[in-house]
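Taking the form predicted alone, here's one chain by itself in structure tokens.
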């Protein structure tokens, strides 16, 4: 078995040096690292969940501090902590239900016993999650069985109760880590297949002979557009190049290689071309709790253009990009500056030094931000515009449409 601390240090170095490209790869590797931490963590006989939570928290704090801009790391750490609490709660509730059901009084008739419901561990766990804890993203996305009420029965003391408690503790000791690791494996699988799951909805959003605008390069957007192409949708794609890294050039080449009609434009031409566009489809770096989106630089300009021309604005993001933090939180770092060499070569930069001064301070400063923040107001208006278009097609009452149109205009 590899040393956990060595794995943590290696991953920390990759995060600090920005060696991992993309939120999906970062999320998957974070989940895999935490799975290794959990599998090799020695837990005491009592408070096993507390020991696992402390271990994950200790590693998670280091990972978040190594790259505060990569919010997906913190999202995965929180998801894993939630998994540990949920599995511990499920096992505890199942054990309590087992004791209650096994402690039915012997004075009851057989017919009365037959009337009592037989609860499985899954049903008990679902009931516990739905009643003892507030709803969360993970519980909302899970396919939970119908919850059932746990019958209140009298308990009897004696050796049988002591043996049952001892057996339950032993069972939980063997089962908690196994269940947590299985749940983390499911999380890793969801992260790995997020592109395919999002692409399944492409036909519902892209229609025949539409013109789609996107910016930069996103694998989620690529698979989304190609899925629509495979469903015999005929459409055209405008790709803004995404300077200064020009990731849009890569996306345009991949789209052409897959047979999509593609037009490459400069970022400054977005406002000039937006009137020809039917929909904007873009990826995201993170989706904040207020509905705002952190995305590649230049996307706020695209959102403003879409709002100005009433063009639907669609953001594609996997669940690992949903962040429970607000952009005004002090622990949220919305941006980081990349190397000036992407804009200006070092030789060209050296020509801009003021050699008349003693220090030779530069007269030219280069700022190269990585991300844009798109406020939720732009996204809400775009989605309402799409809703308005659909309502027009359905011939809904004109007064409602007029109210919606006034609201969109006021936004």
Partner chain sequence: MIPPPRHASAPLSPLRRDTVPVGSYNASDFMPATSPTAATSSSDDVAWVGRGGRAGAASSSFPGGGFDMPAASSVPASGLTTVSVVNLPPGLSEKAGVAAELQNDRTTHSKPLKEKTTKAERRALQEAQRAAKAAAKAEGGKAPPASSGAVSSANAKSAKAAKPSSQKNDNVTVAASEKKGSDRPPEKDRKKDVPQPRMQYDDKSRVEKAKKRAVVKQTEARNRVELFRHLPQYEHGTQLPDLESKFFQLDPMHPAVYKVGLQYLSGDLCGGNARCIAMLLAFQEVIKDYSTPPEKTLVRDLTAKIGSYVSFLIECRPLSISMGNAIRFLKNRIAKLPLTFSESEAKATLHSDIDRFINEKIILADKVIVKHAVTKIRDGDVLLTYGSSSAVEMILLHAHELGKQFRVVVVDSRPKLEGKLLLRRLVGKGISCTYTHMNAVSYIMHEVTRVFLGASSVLSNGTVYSRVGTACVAMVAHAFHVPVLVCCEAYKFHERVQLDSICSNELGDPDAISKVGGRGEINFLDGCANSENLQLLNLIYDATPSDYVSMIITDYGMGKQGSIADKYEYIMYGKLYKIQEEGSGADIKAELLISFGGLLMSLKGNPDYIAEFQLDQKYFLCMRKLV
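Residue numbers count along the first chain shown, from 1. Model, not experiment: these values are computed from the prediction.
What comes next is about the form predicted together with its partner chain, which does not appear here.
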Give a yes/no on whether residue 178 approaches its partner chain to within 4.5 Å in the predicted complex, heavy atoms considered.
no
Considering non-hydrogen atoms and a 4.5 Å limit, does its partner chain approach residue 186 in the predicted complex?
no
May I ask you to state whether residue 50 is within 4.5 Å of its partner chain in the predicted complex, using heavy atom distances?
no
Find out whether any non-hydrogen atom of residue 65 is located within 4.5 angstroms of its partner chain in the predicted complex, and reply yes or no.
no
Of the listed stretches (271-279, 76-84, 310-318, 196-204), which one has a non-hydrogen atom within 4.5 Å of its partner chain in the predicted complex?
271-279
Using heavy atoms only and a 4.5 Å cut-off, decide whether all three of 29, 35 and 231 touch its partner chain in the predicted complex.
no
Residues of stretch 231-256 in contact with its partner chain in the predicted complex (4.5 Å, non-hydrogen atom):
236, 238, 241, 242, 243, 244, 245, 246, 249, 250, 252, 253, 256
Pair residue 295/residue 329, Cα separation in the predicted complex versus the displayed form, closer or farther by 3 angstroms or more
closer
Note on residue 332-residue 31 C-alpha separation in the predicted complex, which departs from the shown form by 3 angstroms or more
farther
